[in-house]
Structure formats: structure tokens, C-alpha cells
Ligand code: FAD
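Quick setup: one chain, the form predicted on its own, written in C-alpha cells, and binding and motion questions come after.
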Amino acid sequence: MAERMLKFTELAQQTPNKRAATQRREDFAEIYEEFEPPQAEAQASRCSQCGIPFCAVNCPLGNNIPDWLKLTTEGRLEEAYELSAATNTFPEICGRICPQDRLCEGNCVIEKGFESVTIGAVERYITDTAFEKGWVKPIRPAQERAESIGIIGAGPAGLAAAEALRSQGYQVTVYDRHDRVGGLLIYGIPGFKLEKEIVLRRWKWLEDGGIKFVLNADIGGATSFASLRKTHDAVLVATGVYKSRELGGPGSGLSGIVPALDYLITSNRKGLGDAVPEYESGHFNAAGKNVVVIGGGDTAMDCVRTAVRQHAKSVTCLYRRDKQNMPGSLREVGNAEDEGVTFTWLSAPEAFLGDDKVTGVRAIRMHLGLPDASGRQSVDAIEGSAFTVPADLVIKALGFDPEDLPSAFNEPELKLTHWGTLKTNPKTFETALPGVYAAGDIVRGASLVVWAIRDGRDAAAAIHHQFAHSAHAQAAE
């Protein structure tokens, strides 16, 4: 009912309770507690039900946010879940890891003095409740189809496409090089942001819906790409981008300088109970060390907060711009600061010190200049401003580039853009090879999980359209 909404003028914004920094530094459990039903309903009631919902406009998935907020306020949680799940394959995951401060919540029309609606927390609450109540049912297509789709990559784009295609009745098999489903959701994002049981729960749900998984797959090696094309009527490449951007300069080859993703994967495997020799040897273990993380994105924030939980002696983040210009979520920066991370803004590495193993980072102060062609302020080094930060472990979190998939798959007919991503028809998602499609970061470049979900769903729609068009044409002959 309308009178239940627009409570932002009398009800303050309240996020779910957050565990104390001293407590959460000791484990990898999620830092936010669950909303209680009265809290969720009250916070959802702060929505202004505006005529043009900029929260939905600025959500890559176009989620019907005002509608499911209203349903939550009215206690119609099962309907709220159905509406949320209609546009988002993994709302409980997006509610945890999306940078809402840059997307939906950051574009809420409520004046900043009243603060935005806590959209992400309510989104998470809706789907977690749906799982608890048994409302989340396995995929049951209205009609089975004979066509078989092979998907390479069990990350968010591949899983979103698999769910959408299976819902249409296609026979779907997902291949992944890892031993678990989830891609970066399981191995790249730390448990304090996304507990792994949440991802494993979705894996089981997808299997219960009839999607098959082939793990530890070696596409281009033990399983040729050509054989995969023969096995399936269509193939979707959704491998993501994992190649760490390199950092040059004197001493960049010293031991103790590691890529961010290798560090995070090792930590997550340890948390999952795997035997991890790289961790046990100390190579990817921050315990007792002075740790320096280079970068300012969400991956850098994951690294500094992981190092804190591994009981590092000190954790410093070097970023060449200031706090207002960093690409990562400011909420994550705040969480890291609470947990004891030191941020050294406007600083860039100049050289790495040490003989065989890194002992320090020589950095230089930077100055923000005029905007460049991209609109961001340029950065210039300040002469004579060099300083040294002690470091026993340096983590490079500078972003990711795509692998050379034509070489990896031994399929030279796959064409690349000048950025190294797979070249596709933007309308059909088809690559240069007939019947081979691509979606997610391998096409877009490194981006957010929510964009990968959007791309996977759109690619599935394009594949379905192609098959439906072909069947219609055959029937007309």
C-alpha cells in the first residue's frame, strides 16, 4: 500500500549490523549480519517509489527494485523473490558483492541528507529467506529441446547463460578448468564478502535443474575445441579474464612479488580445506610480514583485507590517485581502514628493493593534473619525493587482461579485438566461428560480476533466438 512507503523522511538509513573490526580480523566469515524481518521491511519502506527509478536504470540487470522493495514492506516476500529472480540469476550474490554505492544505491533519488535505501541488503535478505523457506525451486523447463549447448567457463557469465538456456529446455553442459563451480565467485572473492556455501548452494541448484558440469576440463588440450563443437549444437565461451597485468621497473622480478589472483586463489583454497603447498611454504601467506598491495580496485581491497586476516605485521595499499578517484568501492575502503589497513594515496612504485627477495618498495609521490582523454585527471610524478615502504610480500592488483584464447584453444579461427578480447557480433554474440558464441569479461574486458550476469543472460537470449529462427525457417519450407 502506498501509505507504507516514502518513510525516508522519518526513518533513518540502517544497514545490517556489522561485526566489530577486532572480531572480523580473526576469520573469513561475512562481516555483515542478516536483516531481521522488521528491519528489512522498515528499510524497504524508505523507498520513495519515484516515477523514474534511477536505481533500476543504473543497474546493469535492470532489476525491478522499487517493486520488490514495496513487496518486502508489505510482507509479500515470496512474490518479492519471484520478481527479483526474474531479472537476476544470483540476487543473493549481487546483494553481497555488487558495489551498490556506485550503481543502484549511488543513484537513489532520495536526497543525500536522508541517505539512499539499503537496496543490496534487502536484495540479499529476500533470496536468503527464499532459500530458507524452500521457495527456490529447481529449473523445470515447460518443454525439453533436443539441441545441446556447451558452455566453457563456470563463472557468473557462463552460469547465468546456463540457467537461462536450461529454462528454455536446452541440454546444457558447462566445462570448467577448476575443480569447483563458480569461477571468481568461488576462488577470487574472499569469504568475508561472499561465503562459499552461498556459491555451492547455487551449484547444487543448477545441477538439480538438469545442468551438467565437467570439471578439471582441459579445453584445447585433452579435449580439443573442435571435438567440443562436434559434441554440441552451439558453444558459448565465457572464460573470463585472468591474466595479471605486469608491473615493471627495477627489482620487479624479485621473489616475494606475486599476482593478486594467485594470492586470492591460494587463500580461498585454504579456506575451502584444500591442501595448498604454496600457502604452507609461506609464498602466498602474509603471516608476520609487511605487506604492500599495489592498486586501487576491488581486487586490491580483497587483497589487503585478506592479508589482515592472515595476521600480517602491517598492510599498506599504494595507489597513484587519491581516495576520491579510486575505482574500488568506497565502502570496501572504509571496511579496510576499520581493519587497520594503511592507505598511501597519490603514490606509485618506482622500484623494488632487495637482493634475491623483496625487502621494500621505493615509491614516489604523485600529483593530479588536468583531465586526460578519458576524463580522468592525469597523474604526474613529483620530482625528489621518493620514499621507501618496508615489504616482505608485494601483491600486484593492477587489473586483468584476457588470455590468448586462439592459442589456448588451438583454434586460430577465433578472432580477437585489438584489446585481446574475443571479437563478436554485438547483436548475436557470435564469434568468427559459426555456432560459437562468447560473453562476459572475455568479450567486455575485466568488469563487474553483475555485468557478467547481464552478458550471460543476453547471450543465452541471442542463442535461443538463433535456434528459434532456424526452426521457424525450416517449418516454413
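So that there is no doubt, residue numbering starts at 1 and follows the sequence shown. All values reported here derive from a predicted model rather than from experimental measurement.
The next section is about a form of this same protein that is not shown, the form predicted together with flavin-adenine dinucleotide (FAD).
Visitor: Three residues, 168, 206 and 463; all within 4.5 Å of flavin-adenine dinucleotide (FAD) in the predicted bound form via heavy atoms?
Guide: The answer is no; none of 168, 206 and 463 reaches flavin-adenine dinucleotide (FAD).
Visitor: Only one of 188, 328, 295, 150 comes within 4.5 Å of flavin-adenine dinucleotide (FAD) in the predicted bound form by heavy atoms, so just point that one out.
Guide: Answer to the contact question: 188.
Visitor: Of the residues 172, 304, 238, 126, which one places a heavy atom within 4.5 Å of flavin-adenine dinucleotide (FAD) in the predicted bound form?
Guide: Checked against the cut-off, the match is 238.
Visitor: Wondering, does residue 449 line up within 4.5 Å of flavin-adenine dinucleotide (FAD) in the predicted bound form on heavy atoms?
Guide: Although flavin-adenine dinucleotide (FAD) is absent here, residue 449 would touch it in the predicted bound form, with heavy atoms inside 4.5 Å.
Visitor: Does at least one non-hydrogen atom of residue 144 fall within 4.5 angstroms of flavin-adenine dinucleotide (FAD) in the predicted bound form?
Guide: Residue 144: no contact with flavin-adenine dinucleotide (FAD) in the predicted bound form.
Visitor: Taking heavy atoms and a 4.5 Å cut-off, does residue 380 contact flavin-adenine dinucleotide (FAD) in the predicted bound form?
Guide: Because no heavy atom of residue 380 falls inside 4.5 Å of flavin-adenine dinucleotide (FAD) in the predicted bound form, the answer is no.
Visitor: Can any non-hydrogen atom of residue 176 be found within 4.5 angstroms of flavin-adenine dinucleotide (FAD) in the predicted bound form?
Guide: Judged by the heavy-atom cut-off of 4.5 Å, residue 176 is in contact with flavin-adenine dinucleotide (FAD) in the predicted bound form.
Visitor: Please pick out the stretch from 278-286, 295-303, 131-139, 369-377 that is in contact with flavin-adenine dinucleotide (FAD) in the predicted bound form, where contact means heavy atoms within 4.5 Å.
Guide: Partner-contacting stretch among the options: 295-303.
Visitor: Where, within 212-237, is there a heavy atom within 4.5 Å of flavin-adenine dinucleotide (FAD) in the predicted bound form? Residue list please.
Guide: If the 4.5 Å heavy-atom criterion is applied to flavin-adenine dinucleotide (FAD) in the predicted bound form, 212-237 yields 217, 218, 219.
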